[in-house]
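Just the one chain here, the form predicted on its own, laid out as C-alpha cells.
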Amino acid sequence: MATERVSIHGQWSNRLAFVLAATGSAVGLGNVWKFPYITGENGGGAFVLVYLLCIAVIGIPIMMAEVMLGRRGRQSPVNTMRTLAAEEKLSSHWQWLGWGGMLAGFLILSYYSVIAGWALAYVFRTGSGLFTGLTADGVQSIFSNLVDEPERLMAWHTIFMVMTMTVVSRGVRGGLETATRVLMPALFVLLLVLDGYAWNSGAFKQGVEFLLWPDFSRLSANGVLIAMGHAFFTLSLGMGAIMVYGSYLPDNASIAKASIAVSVMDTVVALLAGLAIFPLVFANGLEPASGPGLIFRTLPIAFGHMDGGAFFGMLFFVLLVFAAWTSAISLIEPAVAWLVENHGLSRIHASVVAGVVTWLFGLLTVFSFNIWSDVKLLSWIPIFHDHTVFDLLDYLTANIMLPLGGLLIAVFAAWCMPRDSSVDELAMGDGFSYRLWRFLVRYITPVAVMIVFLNVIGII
C-alpha cells in the first residue's frame, strides 16, 4: 500500500465482518419493501433480469470505487475526500462530495426512522392478531390511525432512533460489527422461515414464476430505467455509508471480492423477500402491483386470512425492523465519525448529538403525515404540486443527491485519481479485471447514472 493511514475509529476484524456490515447497510427497506412492489409494478421476471444486469455494470463498479476511496482515506467521507484531493494535488472542493454524502445519509435517516417506526408498530399489531379476518378497509383504517396521530409516530420514531444510537455509540467492533454479526444471520434465517411459510401457501409456484420467469412483453422502457435506478440505490451508494465502512476495511482484504459478495448477498435478500411475499399475495387473490402500500396495506390482509398468519406476520415485520436497523446505523456513522474527528467528541457523545439532531429533523416527516399534510412548500412548481415535506425529502435524496454522489465518485476514482493509486489500492494487478473495472467506472456507469438522473427528474 502507498499509504500507512490508520483509522482512529478502529477497523473490521476481517473481510467477512465488512461484508456483513456493508450488506446490512445495503439490505434495508429497499429490499423488503421497495424491491417487491416495483417488481410487481413492472412485470416481474423480466424486470428482475434487467435489475441483475444493472447490479453487475452499475452497482458493483461504483461500490468498488467508493470502498477504495474510503480505505485509502481512512477517515469520515468529508475528511477522506479532503485528504485524497490534497494528496493528488486536486481542488479542495472535492471535499463537498463527502459533505454531500454525509448530508444525504442524515436526511435519509431522518425519514427512514419514521418508516421503520411503522414496522416496529406492526410487529405488535400483527403479533396480537389485530389483522385477523380484516377486510382491505379494516387494514387501511389501522394504518390511517397510526400515521394520523403524531404522538404515536413520534414514539415509534424515538424508539427506533434510540436503538440506532445505542449500536453506533459502542464503536466499530463493539457496536457496528457485533450488531451486524447477529442481525444479518438472523435476517437470513427469518427470510428462509417466511419462504417456507410461503411454500405452503398454495401459490408458491405462481409466485416463483412471476418473480423469476421473464416475460419481456410486460417490461416497458420506463421499467428498464427503474431497474437501473434501483440497482444503484439498493447498495447504499453515494450517501457516505459505504465510504466510511470502507475506511475500516483491513489492508489485506480484497475490495473486488468484498464488493461482489455484498452485491450478491443484497440481491439474494431481495429475491428471497419476493419469494416470501408474492405467493402470499397470489394465494389471497391480491394485486402484486399494489405500489408502496404492498407491505403495510396489502400483506396484512394476506396474513389476516391465513393459518398462523399472526405469528408469521409478526416475524415478517421483525425482519423488516432488522433490515431497517442495519441500514440506519450505517446512515448515521459518517456524521458520528466526522464529529469524533473534527470536534474531539467521545463516541457516545457524538452518537447522541448526531442522533438527537436527526430525530429532531425527523419530526418534519412525522408531521407531514398528519398535522402538516396540507403543507406543500413547492406547490407552485408543477412537478411538486402535491409533495409533502416527506415527499420533497425523499425526492431530493433519492433522485438528486444520491445519483450526483455516485457520479462524482466514479469521476474522482476513474478520472482524477492516478491509475497507479487505484491499481495499488484495489490490489487487482493491472490485468483484465482491473481494466474492465476501470472501463466500466469511467464510461458505462457514469452514463447509466446520468440516464437514471435525467429520467427521475423528468427530462427523459
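The shown structure was predicted, so the numbers you read here are calculated from the model rather than taken from an experiment. By rigid core we mean the largest C-alpha set that fits within 1.5 Å across both forms. One rule holds for the numbers: they count along the sequence shown, beginning at 1.
The discussion below concerns the form predicted together with a small molecule, not included here.
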Q: Select, from the options 7-15, 20-28, 448-456, 432-440, the stretch whose residues sit within 4.5 angstroms of the small molecule in the predicted bound form by heavy atom distance.
A: 20-28
Q | Proximity of S236 to the small molecule in the predicted bound form, heavy atoms at 4.5 Å | A | yes
Q) in the predicted bound form, does I58 have a heavy atom within 4.5 Å of the small molecule? A) no
Q. Going by a heavy atom distance of 4.5 Å, is M64 a contact of the small molecule in the predicted bound form?
A. no
(Q) Considering non-hydrogen atoms and a 4.5 Å limit, does the small molecule approach A116 in the predicted bound form? (A) no
Q) Which one, L402, L69, L426, A410, lies within 4.5 Å of the small molecule in the predicted bound form by heavy atoms? A) L402
Q: Quick one: from M81, A241, A337, I277, grab the residue that has a heavy atom within 4.5 Å of the small molecule in the predicted bound form.
A: A241
(Q) For G229, does the CA position differ by 2 Å or more between this form and the one not shown when the superposition is done on the rigid core? (A) yes
(Q) My question is whether M184 is one of the residues whose C-alpha shifts by 2 Å or more between this form and the one not shown, given a fit on the rigid core. (A) yes
Q) Under a superposition restricted to the rigid core, does T267 display a Cα displacement of 2 angstroms or more between this form and the one not shown? A) yes
